[in-house]
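Single chain ahead, written as structure tokens, the form predicted alone.
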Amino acid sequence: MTTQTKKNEILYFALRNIKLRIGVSILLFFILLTFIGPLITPYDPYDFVTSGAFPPSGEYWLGTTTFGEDVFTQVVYGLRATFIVGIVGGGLGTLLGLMIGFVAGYWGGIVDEILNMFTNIILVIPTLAVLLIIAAYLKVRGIFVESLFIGFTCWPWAARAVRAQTFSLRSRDFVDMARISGVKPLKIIFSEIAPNMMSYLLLVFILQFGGAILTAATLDFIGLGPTNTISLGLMMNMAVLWSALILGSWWWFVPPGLAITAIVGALYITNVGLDEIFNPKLREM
């Protein structure tokens, strides 16, 4: 099967896969809202636009907070923080996982033992507890700082998964031929092994993306998120602190909660759809 034929086959099943279409459609909606939303609303996230909490209306689409802030404005600006955390934190975690997994899986031996031991140590450390301690000691926290912390702690499972795949591929004939031809190890990894894992690496990134968003939402919800911007998790944190549930101000905490749930859910639905496309045994004919 030629490369072009394989691409056409993947495209054919991608267009037919309903899970992929649903997941991508939801993600595109929120991505567009992230860019278009700030152009629609005339307010900033912390502007006091009215005298108190009011339910959704024609003037305030998602209502206002106890302090008279526009909830829709906070949601669209909070989406930006959510995607930044996903891209930076999830991307960094994926990159570290790939680097360590490729090196450990290809070289094996003492290198593999050392990296595997380091990975296992990071795995048994309660990541959320470490993030809580670090965040608590930082007086000023930003989205990028939070993303870096998440990225540096979420890579171990990706490293183990990539290591296993690399260990399997390094004994294939095409890798042996490249090795006999004198190709350097790093070039073999990136020109022979990695291309044969592209679909798997894409799935790893999607899972890291969703995991970073959930971790950030947890930190934000307990009040250890960014101190100089708005996020969906911080919106729910403020709603809880100011008794929005007790007062019946459901419009304050439901929209950010639904947005986080929809984005993470769409990522996992997309992941399942892609898995069905790349794995012939799971395809729906």
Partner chain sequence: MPGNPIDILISRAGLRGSAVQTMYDYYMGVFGLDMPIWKQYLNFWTSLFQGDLGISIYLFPTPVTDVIMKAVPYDLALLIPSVLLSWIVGNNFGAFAARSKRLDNTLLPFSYILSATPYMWLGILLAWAFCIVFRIFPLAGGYSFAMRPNLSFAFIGSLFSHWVLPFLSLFIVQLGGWAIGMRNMIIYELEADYSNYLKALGAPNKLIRKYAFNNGILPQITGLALKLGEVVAGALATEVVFAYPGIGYLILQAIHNEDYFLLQGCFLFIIIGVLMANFIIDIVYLLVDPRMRAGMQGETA
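Residue numbers count along the first chain shown, from 1. All figures in this text were calculated on a predicted structure; none of them were measured in a lab.
One more form of this protein exists, namely the form predicted in complex with its partner chain; it is left out here, but the text below deals with it.
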TODO: Please check if L258 has a heavy atom lying within 4.5 Å of any heavy atom of its partner chain in the predicted complex.
DONE: yes
Task: 4.5 angstroms heavy atom contact with its partner chain in the predicted complex for V49 - done: no
Task: is_contact(V130, its partner chain) in the predicted complex, heavy atom dist at most 4.5 Å - done: yes
Open item on the list: Quick check on I230: any heavy atom within 4.5 Å of its partner chain in the predicted complex?
Closed with: no
- [ ] With its partner chain left out here, work out from 118-126, 85-93, 67-75, 178-186 which stretch has heavy atoms within 4.5 Å of it in the predicted complex.
- [x] 118-126
Open item on the list: Where, within 218-256, is there a heavy atom within 4.5 Å of its partner chain in the predicted complex? Residue list please.
Closed with: T218, F221, I222, L224, M236, V240, L245, I246, G248, W250, F253, V254
